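Only one chain is included here, represented as structure tokens and corresponding to the form predicted on its own.
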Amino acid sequence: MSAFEQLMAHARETAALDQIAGRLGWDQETMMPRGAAPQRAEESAAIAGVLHARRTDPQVGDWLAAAAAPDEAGAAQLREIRRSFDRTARVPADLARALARTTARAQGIWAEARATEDVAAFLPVLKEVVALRREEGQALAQGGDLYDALLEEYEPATSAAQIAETFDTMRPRLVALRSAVLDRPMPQRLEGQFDENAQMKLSRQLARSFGYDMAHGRVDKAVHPFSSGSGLDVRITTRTNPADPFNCFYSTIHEVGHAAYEQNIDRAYLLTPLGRGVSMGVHESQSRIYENQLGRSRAYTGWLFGQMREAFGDFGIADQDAFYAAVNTVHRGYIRTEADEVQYNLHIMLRFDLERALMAGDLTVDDLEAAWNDRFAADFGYQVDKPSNGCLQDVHWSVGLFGYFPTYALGNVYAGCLYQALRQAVPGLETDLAQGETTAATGWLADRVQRHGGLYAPREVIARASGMEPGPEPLLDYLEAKFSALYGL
């Protein structure tokens, strides 16, 4: 075999092991007995050590030096393998194992602390996670910016300074729109109790309506909804609340956006570096456009209204217009995943600034809750009422995902660009959505974005698909038009 062929064989086996590691994480969030957490921490550490050894094997460097790419895809494979090899080689193996062991343990502690509203129970292990991630960031940065080094894992070729500049552009228009909308009368809210089994049944129907391939996936419940896996095995989770079925339905549609990306990648890239989403920002663009521009549109909510009437009978909202307004209500709230489109990015900006301060050493873990509460009051105008609505609400920091949060807002920016192009490319979009039919829209996204996997750099894949350099203006224009119409501004 040639050096390129040997390298790709090694990469495919490494990717298969990485999928196994991901399945351990899925199991921990969905079905694992709570008492198994200490053993799972050791299992996760063991496989992390194996993966680190494979990714830093000197033979990989030799193959990279000798390999010749046969085509464009081969060149992209080499690019991604080289990037992974260079990054992983900077992190000592014992640090990689310690991170896997500690974050697996921290995940269970966070879940318990969140359930009992006990911040103090979580802070000691969070200190360990922060210290380990700072150590990793310093190893990766090699004298450069620590946070940028961590961000590179999730959004290559993007800096915190670039993100901060984008956020500075977005914040004034978002704050102005929120203020104007919240001054208007609130639409009718959904009230009553909605059977959780019926919610799950309808959520699976919604998943299928957006093209989720249930022969290669499944829908389960978890504390924090997520998508896991790639290729032939892509699983999602959602959550239920008897008083809020929208939480279940739109969490499901959101995660289907992630899952569809992974399911629709060209099968030629299966179990290779190109066989996964190119970045978390691009990934989030798919979940957000599925959830919001498509799933919360007037046309699709008209169809969903009928489905909910079939599932739950008369639930107090009389017509499709009132239902559309209820789905898109701009409201006071604490939870990022339940935030409306107008305020969602403000939640991300809060986390972005706090985690940058944690990684820079400007904010201590002991002061995190107070800093969160102060910032939330300043940004949203009211006080956090309990830790599960504040600094304990997200799983990300417990599992060490520092640098991940800003990609959520980047995903919204990318989705704004894609939606502008999609509306021009699919003139019958509204008619289709009114019938619960998303094939033309999701097919366009599959062709223009998803099938490429990691072939192109993040901003390049968005620019190729949308015909424009990514920027926040299409998103902001969309939000202002939609919510001005909804609230009569």
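Remember, it's a predicted structure, so these values are computed and weren't measured experimentally. One-based numbering along the sequence shown.
Omitted from view is the form predicted in complex with another copy of the chain, to which the following refers.
When contacts are judged by a 4.5 Å heavy atom cut-off, Ala457 does not count as touching another copy of the chain in the predicted complex. Another copy of the chain in the predicted complex comes within 4.5 Å of a heavy atom belonging to Arg34. Another copy of the chain is not shown here, and in the predicted complex it never comes within 4.5 Å of any heavy atom of Asp118. The shortest heavy atom separation between Ser297 and another copy of the chain in the predicted complex exceeds 4.5 Å. Heavy atoms within 4.5 Å of another copy of the chain in the predicted complex are found in exactly one of 432-440, 449-457, 22-30, 417-425, that being 22-30. This chain is drawn without another copy of the chain; in the predicted complex, the residue among Ala198, Val125, Ala357, Leu232 with a heavy atom within 4.5 Å of it is Leu232. Between another copy of the chain and the residues His216, Arg82, Arg375, Lys221, the one pair within 4.5 Å by heavy atoms in the predicted complex involves His216. The putative spot formed by Glu13, Ala16 and Ala46 is fully lined by another copy of the chain in the predicted complex; each residue has a non-hydrogen atom within 4.5 angstroms of it. Taking a 4.5 Å heavy atom cutoff to another copy of the chain in the predicted complex, the contacting residues in 264-284 are Leu270, Leu271.
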